[in-house]
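Presented as structure tokens, the chain that follows is alone, the form predicted on its own.
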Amino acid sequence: MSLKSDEQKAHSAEYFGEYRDYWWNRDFLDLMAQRLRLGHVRNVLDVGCGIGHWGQLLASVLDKDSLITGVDLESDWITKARERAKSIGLGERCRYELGDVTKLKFEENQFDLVTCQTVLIHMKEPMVALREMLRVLRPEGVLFIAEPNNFASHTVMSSLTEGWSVDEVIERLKFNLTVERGKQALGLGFNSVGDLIPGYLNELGAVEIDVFISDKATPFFPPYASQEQQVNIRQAREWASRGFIGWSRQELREYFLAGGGEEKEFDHYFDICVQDSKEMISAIEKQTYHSAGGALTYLIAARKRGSKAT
């Protein structure tokens, strides 16, 4: 039995916390807007908008006259996105409504910019979503996609993991890769789909495909004085306190088994991950934990073929 929609919704909510406001360096996004010549953009579609983080962030690097429409399957997120936009002074520029990225209700050729952030990692058939996004994009308009290789984050070292044996590292990598493959096997998306998006866009006939890597890391080092570090530590503590390891225990178990893992192995792997999380928090409390906190997040841009595109 696959996870219920309310469980998937709860998982998404885990990633709407305050720490999400630190996912991007603002000047990097401003540079992207310059490189992609987004000064002309007036009409934006943010698909799978959640509670509005991504579209509202882009509003800060787009022309003040640009209007952003966000769509999401969850009515609760739409309500919260509207409230959030209003609270930060974007109520007039951002509107939100129910919508499905696999079957957008808009006519073709409507938007100057169509964008999403960490949406395609949850989709069984990301090509379907990309095709729809291109359909509603105006000729020569920009498709702007933020998607990660999440598996890469498990290879980042810290003051705790630098001393692990090869077998200890491989054991954890095996568990996380099995979980990722299981999620994909269940039709719930590929968590490292960012690696594949440029090829998908090429197949769909997009042009001027460019790939960038976010320059944002999540560093931890004593005395953890910055506001960002404090926010991230609070989130890490909260997750560790209830054994949340990227997903809930139920989600992890289901994905692990679907990925070819054995029932008798799961508790062992899960307990290791929970202990790793607790040891990280303990080291932070002792002010001994440090890591550069690297991540692999792509920004992928492409244009819809038009009279000026070759």
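This one's a predicted model, so the numbers in the text were calculated from it and none came from an experiment. A residue's number is simply how far along the shown sequence it sits, counting from 1.
FYI, the form predicted in complex with a small molecule isn't displayed, but the following is about it.
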statement: Contact with the small molecule in the model of the complex, heavy atom within 4.5 Å, among V119, L137, A81, V193 goes to V119
task: Only one of L201, L113, V101, I145 comes within 4.5 Å of the small molecule in the model of the complex by heavy atoms, so just point that one out.
output: V101
Partner-proximal stretch of 48-56, 260-268, 29-37, 280-288 relative to the small molecule in the model of the complex, 4.5 angstroms, heavy atom: 48-56
task: Although the small molecule is absent from this view, report whether F16 comes within 4.5 Å of it in the model of the complex, heavy atoms only.
output: yes
- prompt: Any chance F175 has a heavy atom within 4.5 Å of the small molecule in the model of the complex?
  reply: no
query: Looking in the model of the complex, any heavy atom of V207 within 4.5 Å of the small molecule?
result: no
- prompt: Does M123 reach the small molecule in the model of the complex, with heavy atoms at most 4.5 Å apart?
  reply: yes
Triple contact flag R20, E74 and W77 to the small molecule in the model of the complex, non-hydrogen atom at 4.5 angstroms: yes
